[in-house]
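First comes one chain, alone, set out as structure tokens in the form predicted alone.
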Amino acid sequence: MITEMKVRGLMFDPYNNAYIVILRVEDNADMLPIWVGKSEASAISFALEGVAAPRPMTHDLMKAVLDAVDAKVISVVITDLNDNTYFAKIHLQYEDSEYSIDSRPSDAIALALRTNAPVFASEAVLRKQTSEELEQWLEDLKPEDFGKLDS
């Protein structure tokens, strides 16, 4: 089973010197934080804020190629969490066929935001990420640790 998630924003994790994409279930408090690098955070931030780069970024190029061949991003699914690494699939429709493409979650999310495709997470991923370590990390955060985060 999968659950639809909304991209709620980005924050900076000063302890790991990385950015975190915050995915959240719209009708409850379930949250899925995914740690990403600076360039991936930038690509997601541009899409969230509707900023157009002077030249196409990688995800803009991906969207342009899909548009040129009349392919559509159906959805993005965060499929697994293994050894602190998240995995995702981009589901595409091209002509009468559907394709499932392996992807890093950050790339899948950046593309989903550009194509207005829904983002989902598997129930297994949501269960795995609710470890005590994550809960402790979240409890230790201070308000100033949060960067730009939509509520």
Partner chain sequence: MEQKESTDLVQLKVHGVVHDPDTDTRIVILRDAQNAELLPIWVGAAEGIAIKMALEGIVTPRPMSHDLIRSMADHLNARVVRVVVTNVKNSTYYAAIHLLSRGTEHSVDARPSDAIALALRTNSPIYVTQDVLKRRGAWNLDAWLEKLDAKNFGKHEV
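In this text, all values refer to a predicted model and were calculated from it rather than measured experimentally. Residue numbers count along the first chain shown, from 1.
Form predicted together with its partner chain: not shown, discussed below.
Asker: Considering its partner chain in the model of the complex, which of 49, 27, 95, 83 comes within 4.5 Å of it through any heavy atom?
Answerer: The residue in contact is 95.
Asker: For the three residues 64, 68 and 71, verify that every one has a non-hydrogen atom within 4.5 Å of its partner chain in the model of the complex; reply yes or no.
Answerer: Yes, all three are in contact.
Asker: Even though the partner isn't displayed, in the model of the complex is residue 35 close enough to its partner chain, meaning a heavy atom within 4.5 Å?
Answerer: Residue-level check for residue 35: no, no contact with its partner chain.
Asker: Report yes if any heavy atom of residue 102 sits within 4.5 Å of a heavy atom of its partner chain in the model of the complex; otherwise report no.
Answerer: Contact with its partner chain, yes.
Asker: Would residue 57 count as a contact of its partner chain in the model of the complex, using a 4.5 angstroms cut-off between non-hydrogen atoms?
Answerer: Contact check for residue 57: yes, within 4.5 Å of its partner chain in the model of the complex.
Asker: Contact with its partner chain in the model of the complex for residue 125, defined as at least one heavy atom pair within 4.5 Å: yes or no?
Answerer: Contact with its partner chain, no.
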